[in-house]
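Considered here are two forms of the same protein chain, supplied as structure tokens in two stand-alone entries, structure 1 and structure 2.
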Structure 1
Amino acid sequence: MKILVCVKQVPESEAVVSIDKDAGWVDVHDTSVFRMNHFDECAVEAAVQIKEAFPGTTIHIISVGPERSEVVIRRAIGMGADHGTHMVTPGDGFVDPSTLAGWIASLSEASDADLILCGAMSEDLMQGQVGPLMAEYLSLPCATAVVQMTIMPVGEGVHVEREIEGGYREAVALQLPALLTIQTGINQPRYPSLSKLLRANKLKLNTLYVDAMEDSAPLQGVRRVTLPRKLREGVFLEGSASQKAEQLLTILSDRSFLTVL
């Protein structure tokens, strides 16, 4: 079985972000830590578990992003994937998700894959679009927010459970090739092994260069970015930790959530 897993590098959730000078997009402060999107990590883990159960399976990793995002491909290989392709973008700017999906879908690793796994969304942009759009490009059946999957005997495809609202799950049978987007909680991603990481660091990745600026007709664009509106007053308590604690106790007891003497 050939599996393609799409991974993205994202800033840590505590990263310091600001609005760039013409309010066109987001600047991530350069001291921030970047890592693999957590949803994608779960997708890599799911692929590695299939490889362990079905010897002969190969896993190819694709990531689209600036030069520094190469490390997430190597990390995925360290977790147990075999090869990787890096589509290098000039920067971190917004790319229309259909443009991005089209880039990945054009790879032979995408059209040859029996199974394509993506994260359910990226933690930074939270669009949840690249997976389903690629499925549409490649005319594949697609299930999103997958929390459980079973590869069936040859010819019977893959059975998955999707998470839906209210504590329900939807069981779906898909013929292969198929595309699945993976929800967190499906597994606990492993740490890369040292020996595999050493191999990953020596491995030559396929490198391609892409540029969203050459996309003459993006379907959507960013008009501007702003800081979110404050929905409540949001009083920031000041002082030392114990001073803040005293203030909080007063506030909570004034509102009779707590009784203090």
Structure 2
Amino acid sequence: MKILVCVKQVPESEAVVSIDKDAGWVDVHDTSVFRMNHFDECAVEAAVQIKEAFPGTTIHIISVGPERSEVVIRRAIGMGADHGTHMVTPGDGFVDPSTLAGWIASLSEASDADLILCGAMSEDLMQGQVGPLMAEYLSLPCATAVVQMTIMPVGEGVHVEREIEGGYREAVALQLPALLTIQTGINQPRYPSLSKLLRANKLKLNTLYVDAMEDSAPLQGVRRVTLPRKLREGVFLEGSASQKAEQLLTILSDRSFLTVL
């Protein structure tokens, strides 16, 4: 079985950011605070577990992003993947999901894969569009927000459970090849082993540059990026525990959240 896993590098949620008005996008000041998208980590772990259950399975990792994004590919290889492709973008600006999905779908690794795994969404944009769009471009059956999956013994299909509204789950059976987007909580991603990380750091990645690729007309664009407005100031309570409790009761009482007898 051949598995393709798409991974993305995202900034830590605590990273200090500002808006680059010239580029019209977010500027992350500390380049050391980037990591693999957690949804994608779960997708890599799911692929590695399949590889362990089905000997002969190979896992190919692909990431689209600037030069530094190759770090997440090597981390995925350290977790147990076999090969990697890095599609290098000029910078960090917004890429239309349909364009991104088209780039990945055009690769032979995508068209030859028996199973394609993506994270349910990225932690920075949280759109969840790339996976389903790839499935559309490749004419593959697709299940999103997968929280449980079982490959059928002879590998001709996959049974999955996916999260739906209201806290319910939907059970779906798909024929392979197929594309799944993986929800967090499906597993606990492993920490890369030292020996596999050393191998990953020496492995030559397949590198492509998106500047040389044909682009379709984008379906989305960014008009403006702004930081959230601060609507109110926080209040820090000082003093001993009893003094803080008294201050809190006064605040809640003044705002009619409770009545102090």
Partner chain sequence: MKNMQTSGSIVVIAEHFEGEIRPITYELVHFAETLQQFSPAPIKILVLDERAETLAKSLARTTGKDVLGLRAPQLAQYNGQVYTSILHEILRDHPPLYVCIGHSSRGSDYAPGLAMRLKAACITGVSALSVQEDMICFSRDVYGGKINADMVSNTETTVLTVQPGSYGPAPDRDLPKGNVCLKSMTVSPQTSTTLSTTPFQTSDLDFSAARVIVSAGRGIGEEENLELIRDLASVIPQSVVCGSRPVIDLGWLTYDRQIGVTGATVTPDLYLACGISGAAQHVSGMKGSGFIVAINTDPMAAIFNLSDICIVEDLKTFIPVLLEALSNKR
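Under this definition, the rigid core comprises the largest set of C-alpha atoms superposing within 1.5 Å between the forms. Keep in mind it's a predicted model, so treat the numbers as computed, not measured. FYI, numbering is relative to structure 1, first residue = 1.
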item	value
Of structures 1 and 2, the form predicted on its own	2
Rigid core fit then Glu14 CA moved by 2 Å or more between structures 1 and 2	no
Large Cα shift (2 Å or above) at Lys202 between structures 1 and 2, core-fitted	no
Glu52: Cα shift of 2 Å or greater between structures 1 and 2 (core-aligned)	no
Following rigid core superposition, Cα shift of Ala217 between structures 1 and 2 in Å	2.6
